[in-house]
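Below sits a lone chain in structure tokens, taken as the form predicted alone.
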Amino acid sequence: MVIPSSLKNCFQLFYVLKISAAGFKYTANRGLILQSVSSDVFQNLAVEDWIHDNMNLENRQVLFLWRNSPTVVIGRHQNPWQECNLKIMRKKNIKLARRRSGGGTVYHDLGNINFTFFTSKKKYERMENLKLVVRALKGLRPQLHVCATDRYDLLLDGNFKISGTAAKLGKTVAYHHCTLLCSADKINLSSVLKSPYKGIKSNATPSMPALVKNLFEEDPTLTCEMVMDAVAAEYARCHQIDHHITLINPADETVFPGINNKTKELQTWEWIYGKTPKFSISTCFNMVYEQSLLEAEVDIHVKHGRIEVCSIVLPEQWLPPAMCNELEKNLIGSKFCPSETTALASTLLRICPQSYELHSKWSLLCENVMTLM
């Protein structure tokens, strides 16, 4: 049965208040189907962490259904500057999150469904999970041509990627999560998953570009609620459990003790950017000053999200070497981000010689350095 959104809104508090940590422990022997009432990516990723860290999955499996407001989610070992357009994301207020699992970068919004399959490590099986999703979709619409690939993607019509996969394997517990593009904003998706940054050298895990399509382009009569319910029903059938979706509030400490600390950690700059594998940017940029075109060379090395080495080469005599050296010296150790560089540049500007020309050149240089971030 499909639960209408209005009924979900009316009854979600009832469900949330009735569920307790003890309830999770005793209410289901073989499995649970959970659905988040939150569209906050950090809260939903924290649920994954909490289940992974706290639930005994030796004799039980869990399916977690969740959707997020517009967000780019990068893999555990990825470089956000290499994977996405941070400038557009800041402008459009699209969040950036780093998950605990590996794999590539994905775009989430409310037109994308996420499925997380939790099992013991012994029972971990990605392909079986994907086949389950395929059966659910074909049960809804037999005419849909959806198949799983050897790369653990789901393809529509044999050519268009509608789902990507990632996983985390712990000592005794494992989870596999996958996306399902239903009616995602493809303009946002294509614009934010394209890095404008040139000259990056990195050993970070790269994403593999693919042609994508929304499932609902094939059948506009479908809804996300129908798809989630179909997958939940197939999951219940396979694991011989009740087809009951339990709505959860990821911020409820009575259900998930300690979860808000997990959410806060996932939101920190140190986790999102600081966990980026060491990389460097060696590039040139052009500056226009008083109708003259000038070229500057920049070489920056970044470790743990902070600038470790900084070299800026400017045209001779354009700016006093001492000023450029001061910028390089102060950038070392700072976060590789425009807000910190803006604050740093403003502070240094106040102590540089009082000259309109020097101030203009300084501002122009700092603006261009920030375009690399």
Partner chain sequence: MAAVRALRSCSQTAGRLIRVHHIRPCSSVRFIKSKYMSIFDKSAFKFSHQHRSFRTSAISNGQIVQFKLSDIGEGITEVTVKEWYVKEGDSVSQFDSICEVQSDKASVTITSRYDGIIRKLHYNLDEIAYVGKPLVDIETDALKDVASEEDVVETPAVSHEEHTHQEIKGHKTLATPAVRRLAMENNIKLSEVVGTGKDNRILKEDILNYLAKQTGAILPPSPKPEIIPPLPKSKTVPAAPKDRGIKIPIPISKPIVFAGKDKTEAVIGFHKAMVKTMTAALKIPHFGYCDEIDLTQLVQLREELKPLAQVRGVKLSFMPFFIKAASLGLLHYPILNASVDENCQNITYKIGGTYAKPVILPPEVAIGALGKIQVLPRFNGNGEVFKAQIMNVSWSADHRIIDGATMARFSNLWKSYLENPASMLLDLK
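Numbering follows the first chain given and starts at 1. Please read all numbers here as calculations on a predicted model, not as lab measurements.
The following text describes the form predicted in complex with its partner chain, which does not appear among the structures shown.
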59, 311, 342, 69: which sits within 4.5 Å of its partner chain in the model of the complex by any heavy atom? 342
Using heavy atoms only and a 4.5 Å cut-off, determine which of 77, 87, 201, 194 is in contact with its partner chain in the model of the complex. 77
Just one of 291 to 299, 100 to 108, 210 to 218, 224 to 232 has heavy atoms within 4.5 Å of its partner chain in the model of the complex; which? 100 to 108
Looking in the model of the complex, is its partner chain within 4.5 angstroms of a heavy atom from every one of 144, 185 and 252? no
Does any heavy atom of residue 333 come within 4.5 Å of a heavy atom of its partner chain in the model of the complex? yes
Under a 4.5 Å heavy atom criterion, is residue 273 part of the interface with its partner chain in the model of the complex? no
Is there a heavy atom of residue 366 lying 4.5 Å or less from a heavy atom of its partner chain in the model of the complex? yes
is_contact(residue 167, its partner chain) in the model of the complex, heavy atom dist at most 4.5 Å: yes
Residues in 237 to 257 close to its partner chain in the model of the complex, defined by a heavy atom within 4.5 Å, in order: none
